[in-house]
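In structure tokens, one chain follows: the form predicted alone.
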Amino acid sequence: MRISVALLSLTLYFSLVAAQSPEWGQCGGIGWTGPTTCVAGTVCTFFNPYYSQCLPASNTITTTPPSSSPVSSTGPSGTVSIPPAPTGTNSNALARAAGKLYFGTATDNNELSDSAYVAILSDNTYFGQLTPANSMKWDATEPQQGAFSFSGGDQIVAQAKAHNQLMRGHNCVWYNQLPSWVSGGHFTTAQLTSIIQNHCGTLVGHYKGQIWDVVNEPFNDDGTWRADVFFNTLGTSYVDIALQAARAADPAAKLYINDYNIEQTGAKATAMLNLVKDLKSRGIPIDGVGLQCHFIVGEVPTSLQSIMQQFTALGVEVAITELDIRMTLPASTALLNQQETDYKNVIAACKAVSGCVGVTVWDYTDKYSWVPNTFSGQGEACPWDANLQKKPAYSGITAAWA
């Protein structure tokens, strides 16, 4: 049988196209066995050792943002550089004078249009570190599989960089705020492993030189593992996969596991301590543990300092990552005075533990606190009020650092 040259050429053409990845498709990475070339008009773009993607040739996504000023932290692995210490008697200046790396705050993109708020946020004598409340979470950064969006996170990174502030990446793997393609997915172990590697590696690789909450809230309050798409598919190995992908993407990053209700002696703290021991024993990269510290006025755990010392004894650093101390409304003089004492005690506990590297409040003002929308009838949890005026709580913070 004779085959025309034209037909042969057409057959070869379609075979070649079928062997190419489509726009936004994966085209390389450790363990990738699919196509390594891209369809016309796209370029195979390296993001990290686990993931390369076919991007439009005109696409302007950058995989490495401007580097922030270097931080040196006390943890055993990653090394992030820290800006020069400011002087004065404000909260971050005093934290630095006390030998800590920062006193910081969470913030969110919608808040950056509030000029009065931003004026305080930008003062690095008050805040030496920022955490994006939402714009680095999975639903914001990879809303469709393989299609990454960094604009929100980049805005907060630019805000921090412009004012000599550190960045804390928040977060890589969490059961909440997942796009439906992740939370509702029915994956094999190999598929979900690749998805985590791609997501964590791409995110950490894009925001190099940061502290990272790689795994967020893995435990239930009774110390059992939280059931979600990650644990249900991969068991506890999803933690290893995420940490290893983050380390491969940025060997200098500080890698944390972050959770709440691990600030006092109990089953959940024990579970986290055992996890850290296990990771360390197997050589899985882990640099720190974040204690969220969403407290209630008059109920700050007396074992907070002891728990932090137990973690640092394992060879990791600790940080208070999401501090606020809420009260039942309306606020009273007695409640505000107790809140001042509570903030003072939390800061004093961190100050007393050499491996506690810093404290971050979960936004500095009641104007943007998450508490009233989450806990009915409660609020006034932050050190500044809704009018951006300092409350007695701020005096507790500065007194403890001093």
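Each residue number is its position in the shown sequence, starting from 1. Keep in mind it's a predicted model, so treat the numbers as computed, not measured.
Missing here is the form predicted together with a small molecule; even so, the following discussion is about that form.
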> in the predicted complex, which of the listed residues (Glu263, Glu317, Glu142, Glu322) lies with a heavy atom within 4.5 Å of the small molecule?
Replying inline: Glu322
> Ok, Lys100, Arg326, Arg247, Lys137: which has a heavy atom sitting within 4.5 Å of the small molecule in the predicted complex?
Replying inline: Lys137
> Just one of 274-282, 287-295, 120-128, 199-207 has heavy atoms within 4.5 Å of the small molecule in the predicted complex; which?
Replying inline: 287-295
> At the 4.5 Å heavy atom threshold, is Phe219 in contact with the small molecule in the predicted complex?
Replying inline: no
> Would Ile156 count as a contact of the small molecule in the predicted complex, using a 4.5 angstroms cut-off between non-hydrogen atoms?
Replying inline: no
>> Given that the small molecule is not shown alongside this chain, does Asn176 nevertheless sit within 4.5 Å of it in the predicted complex, heavy atom to heavy atom?
In response: yes
>> If we define contact as a non-hydrogen atom of the residue within 4.5 angstroms of the partner, is Ala133 a contact of the small molecule in the predicted complex?
In response: yes
